[in-house]
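Given next, in structure tokens, is a single chain: the form predicted on its own.
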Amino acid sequence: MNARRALLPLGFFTVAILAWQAAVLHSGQRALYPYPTGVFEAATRTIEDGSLFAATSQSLLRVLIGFALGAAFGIPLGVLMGFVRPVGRAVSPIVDSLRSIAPIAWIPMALLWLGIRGNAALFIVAYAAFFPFVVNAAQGARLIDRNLVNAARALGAGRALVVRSVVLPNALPAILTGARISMAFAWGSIIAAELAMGIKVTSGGSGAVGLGQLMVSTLYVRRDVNGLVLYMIVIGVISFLIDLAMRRLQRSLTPWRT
């Protein structure tokens, strides 16, 4: 019974792939429509010449740096907003106003301020990752039992020790939830940012080409629709793997929540 349940989706997937291949070949428009063997050929070609690995590595590097910047600034601000109520009341309207602006709306300004060689993309990623960290860290710090804080202070703990030994450990589950959301936002934002600045960067001969920039080059230079589908598949697979890794990290660091 289990084998039949496993074979059913596999069989459906195989039939769908074969039907897709047959439909495109029968249409005679292979230059316009992608098809499975064409995608496989694009994968073989880009793996052999190293362009797929190089672009994926560059995008992931930008995401990791932007994610780290978002965490470095977002977690302390969020904890401060949640733990010190006056700060939260003063800063929350500003944070709420800015986080309602989509990261991609900042792309023109980022290109104007930071140029097209990668710094603009880092700004977009850091911006996208910043706000989930702030909101979740603030929520985690806000919900901490004040009796724990008062008990630590009664034992002589200073503000810094209270934050380090009471606030941060108790806010960790919320912070990790924010990290998972931030990473998802960061990955989506880097692709959008690279797509926006892809034409100029690839035409300028820069070596810092990410997946989004490679997609633009593939569309306007090579006109390779199979390559575009390949990059879409890679983006989706990486997104799934990132979320899987973040969920496992969340379970390992907060086992009492599972």
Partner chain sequence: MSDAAQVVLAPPPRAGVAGRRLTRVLEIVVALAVVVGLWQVTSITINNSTLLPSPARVFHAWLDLLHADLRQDVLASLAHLGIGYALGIATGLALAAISTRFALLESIVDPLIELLRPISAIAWIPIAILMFGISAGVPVFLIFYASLFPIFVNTVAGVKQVDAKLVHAAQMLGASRRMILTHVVMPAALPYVLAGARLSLGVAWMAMVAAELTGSDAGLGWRLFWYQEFFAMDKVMAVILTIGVLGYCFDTLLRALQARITRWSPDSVVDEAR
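The shown structure was predicted, so the numbers you read here are calculated from the model rather than taken from an experiment. Numbering follows the first chain given and starts at 1.
Keep in mind the form predicted together with the partner chain is missing from the figure; the text below concerns it.
Novice: Every residue in I107, L112 and N136 with a non-hydrogen atom within 4.5 Å of the partner chain in the predicted complex?
Specialist: Yes, the whole trio is in contact, each within 4.5 Å by some heavy atom.
Novice: Though the partner chain is not shown, can you say which of L161, A90, L148, A72 has a heavy atom within 4.5 Å of it in the predicted complex?
Specialist: Exactly one listed residue reaches within 4.5 Å, namely A90.
Novice: Looking at L52, V229, V209, I65 here, can you tell me which has any non-hydrogen atom within 4.5 angstroms of the partner chain in the predicted complex?
Specialist: Partner contact (heavy atom, 4.5 Å) among the options: V229.
Novice: Does Q21 reach the partner chain in the predicted complex, with heavy atoms at most 4.5 Å apart?
Specialist: Output for Q21 is no: heavy atoms all beyond 4.5 Å of the partner chain.
Novice: Applying a 4.5 Å heavy atom distance criterion, does N170 contact the partner chain in the predicted complex?
Specialist: Although the partner chain is absent here, N170 would stay clear of it in the predicted complex, with no heavy atoms inside 4.5 Å.
Novice: F40: heavy atom within 4.5 Å of the partner chain in the predicted complex?
Specialist: The answer is no: F40 has no heavy atom within 4.5 Å of the partner chain.
Novice: G140 near the partner chain in the predicted complex, any heavy atom under 4.5 Å?
Specialist: Taking the distances in the predicted complex, the answer for G140 is no, it never comes within 4.5 Å of the partner chain.
Novice: Go through 221-229, 40-48, 22-30, 53-61 and give me the stretch that gets within 4.5 Å of the partner chain in the predicted complex, heavy atoms only.
Specialist: Among the listed stretches, the partner-contacting one is 221-229.
Novice: Given a 4.5 Å distance limit between heavy atoms, list every residue of 168-192 close to the partner chain in the predicted complex, or none if there are none.
Specialist: Residues within 4.5 Å: T177, I181, G188, I191, A192.
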